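Okay, here we've got a single chain as structure tokens, the form predicted alone, with questions on binding and movement later.
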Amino acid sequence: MMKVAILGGTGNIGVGLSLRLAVANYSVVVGSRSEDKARKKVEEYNSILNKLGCENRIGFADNSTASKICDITILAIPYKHAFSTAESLREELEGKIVVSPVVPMKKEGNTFVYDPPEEGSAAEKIASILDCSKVVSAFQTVPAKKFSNMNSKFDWDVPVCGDDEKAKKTVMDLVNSIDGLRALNAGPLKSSRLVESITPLLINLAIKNGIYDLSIKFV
């Protein structure tokens, strides 16, 4: 069973990833800066899994330990902390697959705009920091609230970008294991610039038109 660490698994998109990957029979470990915080959230998650009749259970650890013991690490961390977290875990993540769902954006007035670093995208910035890891980007366009509701149904596409084809295939398999998601090969890691920029568009459309939990589907 492949082991997946979800750093920032106590909030944002980490909730849905933790639960849905556990249901898909991955061995999931929730990482947090505070092991005690991770433990408390994991108790909630395992209670939900129990009610769903899922025998799989989620583990917890601090970010460093979670990264060290897992095959894949997902950086489900807010943009402002993502790069510093990656810096602090370079040794633990060496040689491993690291997934970035990170989107760099800022608010200008009532509108959200894409605000990439000079590397071109958050994923490319993370890859420049974790230069001995295999960085793949995915999940940027998945709306966290609906995704974390285990009673919700959806049919969304997830573009996956990466330069290491084997690592990208592994992440696409992970995406496809989640009911309602379809992984699409979106090309090299630099294509993350296009995918990340969709997120502020989705948020703006939702706010201005009153249609929430927007994602994408290619037809």
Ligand SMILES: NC(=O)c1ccc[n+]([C@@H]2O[C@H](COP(=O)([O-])OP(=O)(O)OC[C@H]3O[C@@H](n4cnc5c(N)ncnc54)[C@H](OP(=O)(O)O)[C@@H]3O)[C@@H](O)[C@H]2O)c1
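One-based numbering along the sequence shown. It should be emphasised that the depicted structure is a prediction, and the values quoted were computed from it without experimental measurement.
Another form exists, predicted in complex with this ligand; not displayed. Remarks below refer to it.
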### Task
Pick the stretch from 74 to 82, 90 to 98, 108 to 116, 127 to 135 whose residues have a heavy atom within 4.5 Å of this ligand in the model of the complex.
74 to 82
### Query
Hey, with this ligand in the model of the complex, do 13, 139 and 144 all fall inside the 4.5 Å heavy atom range?
yes
### Query
Quick one: is residue 32 in contact with this ligand in the model of the complex, heavy atoms, 4.5 Å cut-off?
yes
### Message
I'd like to check something about residue 190: if you look in the model of the complex, is any of its heavy atoms closer than or equal to 4.5 Å to a heavy atom of this ligand?
### Response
no
### Query
Contact between residue 37 and this ligand in the model of the complex at 4.5 Å, heavy atoms?
yes
#### Entry: Residues in 102 to 117 with any heavy atom within 4.5 Å of this ligand in the model of the complex
102, 103
